[in-house]
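Shown here is one chain on its own, the form predicted on its own, set out as C-alpha cells.
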C-alpha cells in the first residue's frame, strides 16, 4: 500500500519543477496519438482550434497519454496489452524515460498524475492471477517504481483523479494475457466495477446490474460525479445501457439503451461538456457520437469518431479520418487519430 508518508517522501526528495511549461509550446489544449500516412505513429499536441502544436514520434501504436500538470511532459502509453510507456519531453521531442511494466504485468493504456505531478499512477494487469493493479512511479526520481496496490477488480482500464487525489478506476472485468493478445479470457464470468481509492485503500465500489457491460472509460464532473462509457459483451444489437453516472454515496443511473443498436453496443470515450450539463459518448463502430442533455440524446455522425474531451465551453472530438471538431469549427489532418483525446486544462 502506498501510504501518505511515501507520497511525501517521493515529493520531497527531488528538485524544483523544471521548465519548459505547456505555455512554452503554444498552449496546446489536447494530446492525441495517431497513425500517420506513411504508417508511422506519433503523439501530437493540438490547440483549442484543432491546429497542431507539436509532434513526437512513437515506436508503436499509442492509446492514451497522461499530461503532467505543470511541465511540458507527457507519458504515452502503448495500446493494451502493452508493456511500455514513454515519458516524453514535448518541447524537445526527447524520450526522457521508458517505463517497463514489472515482470508479470502489462499496462492497460492509461495513467494519471497525482500529488501535484509528483507521482504517476498506472493501470496494470497481473496476468498470472488476472488481478488488476495500480502502479505508482516517482516522477522526480526519474519515474522510479514506488509501489503498487490492488485496483479493486479485474482489467483496470482508465484511471482518473478527483480534486482531493481520490483515484477512480474503471475495472472493465475482462482478463487478458500478453500471450493471447487482445483475446478476452473470462467472457462468461466478467464482473466489472467502478472503484474509488484514497491513500491506497478502496473506499467504495460500485457494480452495474448487468455484468456483461464492461466499464472501460470514465470522466469526472467538477463536483465528483463520474460518467462511465460502457462496452457490451452481448450481441451488439441487444438494447443495453451505454452510459452510467455515479456520485459517491448515491445510486447509479444508466442511460442510452435506445442508442445501443446504432452505436453497436460500444463506447470508445466519454467526456463531460465544459458547461457541466451534458455528457458525450463516442461510438466508433457506429460512426457517431451521442450527447446527453438531461434525459435526451442528440447524435453527431462522423466516420470512426472516438476521441472526445471537455473544452472550456463545450466538447472537442477526433476521428479516424484525421478530423478534429472543436468549439471553433472543423479541421482535418493527414493522420488517423487513435482512441482518445486528452484535455490538458479547461
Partner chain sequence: MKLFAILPCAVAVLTSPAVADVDAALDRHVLPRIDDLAAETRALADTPCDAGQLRAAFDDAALAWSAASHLTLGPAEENGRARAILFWPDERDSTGRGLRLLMQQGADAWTPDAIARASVAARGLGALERLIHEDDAQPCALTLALSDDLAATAAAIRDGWHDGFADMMRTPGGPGNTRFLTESEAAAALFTALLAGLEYTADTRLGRPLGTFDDPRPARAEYRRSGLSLDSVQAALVSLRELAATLADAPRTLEALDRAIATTEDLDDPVFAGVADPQARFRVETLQTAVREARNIAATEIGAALGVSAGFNSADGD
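Predicted, not measured: the structure shown is a model, and the values here were computed from it. Positions refer to the first chain, counted from 1.
As for the form predicted together with the partner chain, it is not shown, yet the points below apply to it.
Colleague: Only one of 52-60, 289-297, 314-322, 22-30 has heavy atoms within 4.5 Å of the partner chain in the model of the complex; I'd like to know which.
Modeller: Result for this chain: 314-322.
Colleague: Only one of 71, 79, 145, 221 has a non-hydrogen atom within 4.5 angstroms of the partner chain in the model of the complex; which is it?
Modeller: Filtering the options by heavy-atom distance leaves 79.
Colleague: Taking the shortest heavy atom distance, is residue 231 within 4.5 Å of the partner chain in the model of the complex?
Modeller: It does: once the partner chain is placed as it appears in the model of the complex, residue 231 has a heavy atom within 4.5 Å of it.
Colleague: If we define contact as a non-hydrogen atom of the residue within 4.5 angstroms of the partner, is residue 137 a contact of the partner chain in the model of the complex?
Modeller: No, no contact at 4.5 Å.
Colleague: Should residue 277 be counted as a contact of the partner chain in the model of the complex, where contact means heavy atoms within 4.5 Å?
Modeller: No, residue 277 stays farther than 4.5 Å from the partner chain in the model of the complex.
Colleague: Taking the partner chain as it sits in the model of the complex, is residue 45 near enough to touch it, meaning that at least one heavy atom pair lies within 4.5 angstroms?
Modeller: Answer no; every heavy atom of residue 45 is more than 4.5 Å from the partner chain in the model of the complex.
Colleague: From first to last in sequence, which residues of 289-311 have any non-hydrogen atom within 4.5 angstroms of the partner chain in the model of the complex?
Modeller: Going through 289-311 in order - heavy atoms within 4.5 Å of the partner chain in the model of the complex - the hits are 300, 301, 302, 304, 306.
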